[in-house]
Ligand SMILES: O=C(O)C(=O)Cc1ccccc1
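Below, in structure tokens: the form predicted on its own, a single chain.
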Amino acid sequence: MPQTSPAPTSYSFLGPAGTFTEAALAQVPEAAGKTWRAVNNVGEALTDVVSGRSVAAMIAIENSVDGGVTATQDALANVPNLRIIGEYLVPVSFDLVARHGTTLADVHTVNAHPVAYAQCRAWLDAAVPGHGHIPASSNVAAAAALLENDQADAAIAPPGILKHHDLAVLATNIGDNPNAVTRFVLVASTSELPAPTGADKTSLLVELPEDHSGALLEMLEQFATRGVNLSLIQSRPIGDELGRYRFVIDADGHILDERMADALLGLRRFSPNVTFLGSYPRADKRLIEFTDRYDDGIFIEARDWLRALIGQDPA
């Protein structure tokens, strides 16, 4: 009999070791003891999943300070047949690190991931006025670059960076918001749905059918009239022409909830392109609240009533 290749057991994450993405992956029980592949960007992580190199990839999708991670949103819109199967929250804090012998007064240029830089900008403007910024692919890469070249004097890095690189910490907790949290999602190439838990989230990409007054309201009504709350809605350019946008949506509930399923049917009738990114348990485990008139039984009874009117037996 022909031999078959073993199923992939590796997980991809934005590297190198020590990033917040790695901390998110550490929360996945199934990933324990498996191979973790450090990649350079979201596109590479998703390519690993599509090609079968990895069983899943951990990617950042939203930050409590800066909102949605646009690189991730755009990548999910352009890579088909992917599903979000879980979400994970990581509290975010930052340190300023430098080569040994450097003082804060010596700092004129800072290496930093753009998102981290934005979250530390007020502190940097006060402590290092007039500084320059060199973008880095990750916070750990920003720190590592200090040991590779002298283009920057310091870097924004995650706590614990000294476990990976021989540097000095000039300041700790330099983030402007002490409550900052980054939301990560685990993405796989699968059609299987995690079972509903009552504390779920559904992610979608929705295009408007045409640009006219009230079009966005018509889309939002598909959720509002079914009692489905939205926890995220963000527009992103489709890219085929100026003024065309898709909407990145996180809705409270699971596709197997009757109210969510009915909302998706309405969206499908309304929009020329709806991409279902997945239904999965919320990281905060907060139960979804809704009024009794949107209970599953109400939708089921309404369908049975209609079937009886047209002479069909209720399902």
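Just count from 1 along the sequence shown to find any residue number. All values derive from a computational prediction rather than experimental measurement.
Keep in mind the form predicted together with the named molecule is missing from the figure; the text below concerns it.
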Legend entry - Per-stretch contact check against the named molecule in the predicted bound form, the hit in 163 to 171, 96 to 104, 145 to 153, 179 to 187 (non-hydrogen atom, 4.5 angstroms): 179 to 187
Legend entry - the named molecule contact in the predicted bound form: N139, any heavy atom under 4.5 Å: yes
Inset, instruction - Would you please decide whether R83 lies within 4.5 angstroms of the named molecule in the predicted bound form, comparing each non-hydrogen atom pair? - result: no
Inset, instruction - Answer with yes or no whether T202 is in contact with the named molecule in the predicted bound form, where contact means some heavy atom within 4.5 Å. - result: no
Inset, instruction - Using the partner position in the predicted bound form, report whether V92 sits within 4.5 Å of the named molecule, counting heavy atoms only. - result: yes
Legend entry - Sole residue of A127, V115, A75, I238 within 4.5 Å of the named molecule in the predicted bound form, by heavy atom: V115
Legend entry - in the predicted bound form: members of 20 to 41 within 4.5 Å of the named molecule, any heavy atom: F20, T21
